[in-house]
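Only one chain is included here, represented as structure tokens and corresponding to the form predicted alone.
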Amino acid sequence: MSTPTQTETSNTQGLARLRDLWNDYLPYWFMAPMVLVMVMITFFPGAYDLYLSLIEEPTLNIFAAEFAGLSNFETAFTRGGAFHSFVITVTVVVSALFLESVLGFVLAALVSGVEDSNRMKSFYRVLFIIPMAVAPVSLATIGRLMLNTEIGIIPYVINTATPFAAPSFLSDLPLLTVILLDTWNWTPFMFIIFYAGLSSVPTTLIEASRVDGAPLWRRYVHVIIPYMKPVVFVATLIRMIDLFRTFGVVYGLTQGGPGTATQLVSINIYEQMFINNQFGVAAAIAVVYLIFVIAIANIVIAKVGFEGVWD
């Protein structure tokens, strides 16, 4: 039987061990809440999505669900239109990313070249940022009205001010219309980042190239753009990943149609899940899509690299 003195000594040693454990692993204790949050919002939904893709029907008791193997993946790519939606998505991402990058850089170069007029620069910055502030549903509604063949302002202007007949944008040119509308919406994002990047280029560097006799296009190609490589890379990577997540504007504008002409992968997943009630097929497409986007992002990072981004 232990005496009171022995009990007090044991408690003191236990508290000392706990204090040492706390101090030895102090960084990990501070990181633990954020790690738990990341597990809850990232890994758990991903694991549950993978689980849904491998069963016949979801049940309350996850252990009672019938295992379906890879049949949902087979259905997704044979009858679910997954391959077609992947092609549509890649087309939209590549086209919109190219247009937004080029237009954003040109606008940023033009605004940064406005000399000795901070008021005009502020005016242009606000003007170019306005489209990005429009909500996706509002943008889709505005687009449907402006492109309407009977009451839309754009077909009216084409019919009255040009010798050409206005096409029915949403039925004849749905994919091009989606790409151009997204370009109008998100070019300001690229403009902001490129404008900040151009503002950070040292004037001494530009003046040195000018003294050496380099024309304007050479200054951009050989001096300014290489100096802005980290900025261009980060802006392109962020916008590319965001384009893969596009849903609201396209669904509000065309609902994936006509037919499946603008059916992005995100729209295909939505329709399989909430319209066709094909939970397993929707989850299978989502799993493949997630792996696809991660692979593309890592290929871009591996080819271009983060060199200079953190400097």
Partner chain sequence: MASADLDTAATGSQWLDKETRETLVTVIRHGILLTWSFIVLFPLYWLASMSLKPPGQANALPPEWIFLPTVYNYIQLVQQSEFVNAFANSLFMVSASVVLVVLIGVPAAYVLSRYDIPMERDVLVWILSSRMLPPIAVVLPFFFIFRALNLFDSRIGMVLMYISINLSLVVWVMKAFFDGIPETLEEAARVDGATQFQGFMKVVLPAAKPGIFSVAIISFIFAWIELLFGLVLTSFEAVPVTLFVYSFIGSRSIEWGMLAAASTAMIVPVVIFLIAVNKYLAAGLSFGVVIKE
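Values in this document were obtained by computation on a predicted structure and should not be read as measured data. In this text, the rigid core denotes the largest set of C-alpha atoms whose superposition between the two forms falls within 1.5 Å. Numbering follows the first chain given and starts at 1.
Another form, the form predicted together with its partner chain, is not on view; read the next lines as being about it.
Using a 4.5 angstroms heavy atom cutoff to its partner chain in the model of the complex, none of A68, V90 and F169 count as contacting. By the criterion of a heavy atom within 4.5 Å, Q263 is excluded from the residues contacting its partner chain in the model of the complex. The closest non-hydrogen atom of N276 lies beyond 4.5 Å of its partner chain in the model of the complex. The closest heavy atom approach of W184 to its partner chain in the model of the complex falls within 4.5 Å. Although the partner is absent here, G197 sits close enough that one of its heavy atoms falls within 4.5 Å of its partner chain in the model of the complex. Checked against its partner chain in the model of the complex, the residues I158, A208, L173, L237 give one hit for a heavy atom within 4.5 Å, which is L237. Although its partner chain is not shown here, in the model of the complex the stretch 18-41 places heavy atoms of W22, N23, L26, P27, F30, M31, P33, M34, V35, V37, M38, V39, M40, I41 within 4.5 Å of it, in sequence order. For I291, the Cα coordinates differ by under 2 angstroms between the shown form and the other one after the core has been superposed.
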